[in-house]
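Shown here is one chain on its own, the form predicted on its own, set out as structure tokens.
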Amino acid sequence: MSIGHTLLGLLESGPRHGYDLKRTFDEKFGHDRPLHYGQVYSTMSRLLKNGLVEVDGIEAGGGPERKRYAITEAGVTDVARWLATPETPEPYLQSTLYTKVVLALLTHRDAADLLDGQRSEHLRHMRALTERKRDGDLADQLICDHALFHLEADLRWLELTAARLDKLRQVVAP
């Protein structure tokens, strides 16, 4: 996820302080990985330097000065370009799972046990996501569906690999 573009997009509804940007980001996108304040302020500093945001006001308070940021026309154009650009699908050609299976075969360990353990872990994670989906709002349901579909694809790969272990062993550890 592009944090800079996400923060820019949040600014399109109006100027905000860094604290407000972090809170809104966490509410909308940070369910599992909230932003750190330092990340917000370093990103805003970079966006300011690149002319994508401007300081709309500075307020003095009991602590450090609070800057209110506003998106510039260049920032709006940048967000529009980012939103219109399709994401490159991640083909997972260098999968850690594949590496573990091959290393298990190369070192004469039980790759079938490794696959069984991974299958159990995937199913455990899928159950947790299904529970979260059942209790969540629409945004949470969509996020969980995305993760579940990826885990289902992984499960299909685990089954296919388990069925081909003997052939793979012949190829990688003759």
Partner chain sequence: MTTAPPPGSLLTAENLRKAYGPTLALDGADFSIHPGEVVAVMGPSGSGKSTLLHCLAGIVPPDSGTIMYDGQELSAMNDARRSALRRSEFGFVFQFGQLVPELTCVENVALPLRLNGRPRKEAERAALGWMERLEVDDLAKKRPGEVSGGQGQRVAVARSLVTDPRVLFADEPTGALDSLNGERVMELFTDAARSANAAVVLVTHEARVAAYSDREIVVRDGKSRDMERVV
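Here the structure is a predicted model, which is why all the values come from computation and not from measurement. Numbering follows the first chain given and starts at 1.
Not pictured, yet referred to below: the form predicted in complex with the partner chain.
Participant: Since the partner isn't included here, can you check whether the partner chain sits close to all of D145, L148 and L155 in the model of the complex (heavy atom within 4.5 Å for each)?
Facilitator: Yes: each residue has a heavy atom within 4.5 Å of the partner.
Participant: Considering the partner chain in the model of the complex, which of D137, D113, E59, D32 comes within 4.5 Å of it through any heavy atom?
Facilitator: Looking at the other structure, the residue within range turns out to be D113.
Participant: Go through K49, R127, H36, H108 and name the one with a heavy atom inside 4.5 Å of the partner chain in the model of the complex.
Facilitator: None of the other options qualify; the answer is R127.
Participant: In the model of the complex, which of 38-46, 66-74, 119-127, 24-32 comes within 4.5 Å of the partner chain (heavy atoms)?
Facilitator: Residues of 119-127 come within 4.5 Å of the partner.
Participant: Classify L10 as contacting or not contacting the partner chain in the model of the complex by the rule of any non-hydrogen atom within 4.5 angstroms, answering yes or no.
Facilitator: Close contact is absent here: in the model of the complex, L10 is far from the partner chain, nothing within 4.5 Å, heavy atoms only.
Participant: Tell me, yes or no, whether R132 is in contact with the partner chain in the model of the complex, where a contact means a heavy atom of each within 4.5 Å.
Facilitator: Heavy-atom contact with the partner chain at 4.5 Å: absent for R132.
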